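Quick heads-up: it's one chain on its own, the form predicted alone, in structure tokens.
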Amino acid sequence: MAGAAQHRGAFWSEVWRYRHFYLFISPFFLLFAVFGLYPLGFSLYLSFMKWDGLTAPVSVGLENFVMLFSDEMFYTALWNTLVIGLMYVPPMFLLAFIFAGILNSKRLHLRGLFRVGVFMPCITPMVVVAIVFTLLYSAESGLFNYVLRAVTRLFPGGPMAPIPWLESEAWSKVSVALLLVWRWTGYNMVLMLAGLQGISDDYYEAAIIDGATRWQRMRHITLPLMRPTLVFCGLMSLIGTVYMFDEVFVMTQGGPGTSSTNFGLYLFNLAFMDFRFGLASSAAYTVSIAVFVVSLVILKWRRPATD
């Protein structure tokens, strides 16, 4: 007991000695506790409560989770989220990797300008993006339909009918996916570019001396050493896809019908349209646990194959 008390005394003595440094970093931890830890804990508390934001919370035990798994809209939102993710993540990764390889070339002039140009969609306000893409998707005067009609005029059968990008349940997910590819390719390109720049040129020089082709260098050097970066991009894409809200809300509002209602919009509707905060909290925690498990599986691939 005396040893433990002496150890605690030494600990607090060290804390007091460096109190000025702790004071300087304390604002971050205070803000994180108020705006990070407290909402997490309160949301967990609400997942076992029935609360509309006005009356006193009422304990319902696991009723929220039972209602969640019997809610057809919950499964529809998860399905839409999965489909949109499969539509945009693979082409986004491919384009980001291609752009990163091109912009990493020392023979390319004005590389900085091109990098800024590719990254610019990430920082463009979503309202501006929504207005522009709404005009592009217009069935009558949109650029996409104009290009499709011009191209199909060259083939037998004449120009194709305009595609109702935002008015059709069959095309609403495609419309959102195209916007996401345009918006987030630059973000992943920057991450992959950093990964490429972290690979020493010595590996490539040795491979060239040994007679390795470009494809062999890509397969046995670039991709293995880029694995941590690719895993990180995959994790960020997974989290971003599940909790995506802005793009769907401003473009389609989840319609037509529920064809593009993803999980982020489903949560928003539960909490701030239906005022079912307990059910929304249970849905958030259920999906967060699933995302956490999937993330652990993905993280097993983070180590380079050369380790």
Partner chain sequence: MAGHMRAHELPAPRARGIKYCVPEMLLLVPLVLAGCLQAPPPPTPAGQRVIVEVWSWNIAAGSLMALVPEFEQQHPGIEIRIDMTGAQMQSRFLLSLIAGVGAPDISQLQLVDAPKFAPSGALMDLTDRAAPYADKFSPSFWENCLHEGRVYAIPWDMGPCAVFYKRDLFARHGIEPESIETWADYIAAGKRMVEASGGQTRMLALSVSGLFQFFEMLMQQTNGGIFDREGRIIIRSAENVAALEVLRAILEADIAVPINTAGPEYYASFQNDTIATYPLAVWLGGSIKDYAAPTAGNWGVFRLPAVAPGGLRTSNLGGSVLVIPDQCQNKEAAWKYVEHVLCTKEAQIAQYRNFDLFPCLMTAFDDPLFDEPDPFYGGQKVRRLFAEDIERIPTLTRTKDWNEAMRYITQALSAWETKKLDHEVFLSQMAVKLERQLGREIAPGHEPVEGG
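Numbering follows the first chain given and starts at 1. Every value quoted in this text rests on a predicted model; they were computed, and no experiment measured them.
Missing here is the form predicted in complex with the partner chain; even so, the following discussion is about that form.
A residue is said to contact a partner when one of its heavy atoms sits within 4.5 Å of a partner heavy atom; residue 257 meets this definition for the partner chain in the predicted bound form. Although the partner is absent from this view, residue 39 stays clear of the partner chain in the predicted bound form, with no non-hydrogen atom inside 4.5 angstroms. Contact check for residue 273: a non-hydrogen atom falls within 4.5 Å of the partner chain in the predicted bound form. By the criterion of a heavy atom within 4.5 Å, residue 22 is excluded from the residues contacting the partner chain in the predicted bound form. Contact annotation: the partner chain lies within 4.5 Å of heavy atoms from the stretch 138 to 146 in the predicted bound form, the single such stretch among 226 to 234, 91 to 99, 138 to 146, 192 to 200. By the 4.5 Å heavy atom rule, the three marked residues 66, 184 and 246 all fail to count as contacting the partner chain in the predicted bound form.
Residues from 284 to 298 do not approach the partner chain in the predicted bound form: none has a non-hydrogen atom within 4.5 Å of it.
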